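Just one chain is shown here, as structure tokens, and it is the form predicted on its own.
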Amino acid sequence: MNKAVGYFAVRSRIAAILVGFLSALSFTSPLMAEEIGDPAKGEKVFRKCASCHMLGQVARNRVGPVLNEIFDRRAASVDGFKYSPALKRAGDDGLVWDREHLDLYIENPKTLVTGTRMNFRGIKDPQDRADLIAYLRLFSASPLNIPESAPTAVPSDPDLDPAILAIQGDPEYGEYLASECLTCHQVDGSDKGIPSIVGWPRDDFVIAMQAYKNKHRVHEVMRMVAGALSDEEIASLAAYFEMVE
């Protein structure tokens, strides 16, 4: 294929995908419902929590601490809130609010942290907990951000065909294709909320893109962008970004 023709064809495919995705996007749409839960339903479940906790721009500590940005936060670390000695010990011992520990704590706080002052009987239904976690996710790192916060991040594809990694991409062609990547990622390697991909080892780049393409990673835009690229195009992008300094 003529490189210039191929470049414009890929650019058109990616542009169409991004326009379609952004036009359909709303803040409350359950982008991660398949992997986490339904945030619209989780908002209703949160009513059980709202007598003690607040979310959003006007949130403040009440009986319980604010729950904004809770994912990957060390337990008992909100400034100005007086925690129980038990939860402080748990935080000092390394308890971090990832998806697994949030689920356990919501199911029964005193099972996870003996001696916590959180007098809540817990939510027994696993789907209700998943929906609540999806709702809390909207007030932590946005589902559109890269990298995904802990509830949506999954390992790279462990079963990637070695033949895909063996493809020798054309860095010159990769440079043609790279302009779409650089609408978000910074060519100078700076990290402004979106991680740098400049200087990435080639295999790491291919593994990550194939994980999006195969839907092992859940970032919706990246899934669609990777899905629009052939294995050879991904390899060419990888070859280009590896050599950029």
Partner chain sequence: MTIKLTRRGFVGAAAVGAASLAAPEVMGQGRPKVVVIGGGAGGATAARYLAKDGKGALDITLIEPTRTYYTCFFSNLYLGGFREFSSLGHSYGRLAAEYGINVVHDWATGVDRDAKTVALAGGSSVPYDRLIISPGIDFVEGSVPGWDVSAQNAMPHAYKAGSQTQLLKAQIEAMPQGGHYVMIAPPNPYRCPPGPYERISMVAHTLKATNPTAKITIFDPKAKFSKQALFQDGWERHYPGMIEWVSGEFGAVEGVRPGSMEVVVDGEAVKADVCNVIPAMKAGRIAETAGLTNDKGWAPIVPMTMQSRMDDNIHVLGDATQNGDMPKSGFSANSQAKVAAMAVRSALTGSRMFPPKFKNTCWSLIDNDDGIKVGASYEATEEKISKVDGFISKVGEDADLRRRTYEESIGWYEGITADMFG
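Only the largest set of C-alpha atoms that superpose within 1.5 Å between the two forms is called the rigid core. Numbering follows the first chain given and starts at 1. Being a predicted model, the structure only gives us computed values, none of them experimental.
Missing here is the form predicted in complex with its partner chain; even so, the following discussion is about that form.
In the predicted bound form, its partner chain sits beyond 4.5 Å of every heavy atom of D38. Remark: C49 does not count among the residues lining its partner chain in the predicted bound form, judged by a heavy atom distance of 4.5 Å or less.
At a distance threshold of 4.5 angstroms between non-hydrogen atoms, R121 is in contact with its partner chain in the predicted bound form. Not displayed here, its partner chain is kept clear of W97 by more than 4.5 Å at the level of heavy atoms in the predicted bound form. Exactly one of the stretches 63-71, 40-48, 196-204, 173-181 approaches its partner chain in the predicted bound form with heavy atoms within 4.5 Å, and it is 173-181.
Relative to the superposed core, T183 undergoes a Cα shift of 2 Å or more between the shown form and the other one.
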